[in-house]
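Have a look below at one chain only, the form predicted on its own, in structure tokens format.
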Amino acid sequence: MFQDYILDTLIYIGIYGILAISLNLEAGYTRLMNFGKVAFFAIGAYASALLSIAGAPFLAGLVVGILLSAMFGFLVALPALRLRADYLAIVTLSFGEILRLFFLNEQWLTNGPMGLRGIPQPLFSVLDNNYLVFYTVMVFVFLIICYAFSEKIMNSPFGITLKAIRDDEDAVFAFGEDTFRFKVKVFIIGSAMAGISGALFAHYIAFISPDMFFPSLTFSVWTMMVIGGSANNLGVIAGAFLIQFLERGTRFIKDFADLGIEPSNLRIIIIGILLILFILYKPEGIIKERKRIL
């Protein structure tokens, strides 16, 4: 049904829009090269799913997922954020892969490669045929909250300091600011926000497994940020819309034309070409960063 496809696509846009905003806080506004974003997405998904399967309410699982993602963000930030760009990227990428292997091998907790099935979907039995509409609205409520919260942060003195750290960390440090403390705080906030998107993802599809959390997911979110517009929250949401539209829309091409190529491969080719073109000719993305004049 076409309406269900539209709602499904909107749900994924909302979920990945939240994840893209969380990455934008770290990488776009503060230039923290987090290549392990998928790890905090996975923590939120598994924590919320495990608690819900054990009988906890959806909101309880969501809150625990947020808190655990924030806690692991803090633990990773303490050693990793003392490193410079490329080393930070390697450490966060490694953490994401270590966590995925943990979920894969600790069968007593995560059911290993078989994954967690039957994750409860909030109010599913009550809403039934209207469930997709409900979930779309709920996801976009969370997206709006995360967007408003991020905008509030970045327009505050805290956010201005983050952008100053991005532009010239040594100068900010010379003025007496503890730049490490600022970076840890924004990393925790970004990790907690990733936990929200992970929980929403898990409860929507009602099944998660370790092979859903490969590093490629992180790079997909980076693509959303780069194409949409780094350091612009509306831009990264636009990037999430474009990438999810392509990822979920190209599968229908074979119903209308035989191009002699698998839709999944065609999707990767199209997104890759788009990324190259944006980097070369429009590096500021769809919506460029708004410069604030003080």
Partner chain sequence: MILRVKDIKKSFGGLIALDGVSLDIKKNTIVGLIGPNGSGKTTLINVISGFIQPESGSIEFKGMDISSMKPHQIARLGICRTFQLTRVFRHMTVLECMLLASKTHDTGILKLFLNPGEVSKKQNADIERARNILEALDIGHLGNEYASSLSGGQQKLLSFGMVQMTQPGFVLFDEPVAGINPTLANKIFEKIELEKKSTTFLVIEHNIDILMNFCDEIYVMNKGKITAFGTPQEIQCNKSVIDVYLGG
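Positions refer to the first chain, counted from 1. Because the structure is a prediction, the values reported are computed rather than measured.
Although not depicted, the form predicted in complex with its partner chain is the subject of the following passage.
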query: Partner proximity in the predicted complex: residue 106 to its partner chain, non-hydrogen atom cutoff 4.5 Å; finding: no
query: Residue 172, heavy atom within 4.5 angstroms of its partner chain in the predicted complex; finding: yes
query: 4.5 Å heavy atom contact, residue 4 to its partner chain in the predicted complex; finding: no
query: is_contact(residue 114, its partner chain) in the predicted complex, heavy atom dist at most 4.5 Å; finding: no
query: Contact stretch among 183-191, 120-128, 217-225, 197-205 - heavy atom within 4.5 Å of its partner chain in the predicted complex; finding: 183-191
query: Of 87, 149, 102, 74, the one that lies within 4.5 Å of its partner chain in the predicted complex (heavy atoms); finding: 149
query: Residues from 194-215 in contact with its partner chain (non-hydrogen atom within 4.5 Å) in the predicted complex; finding: none
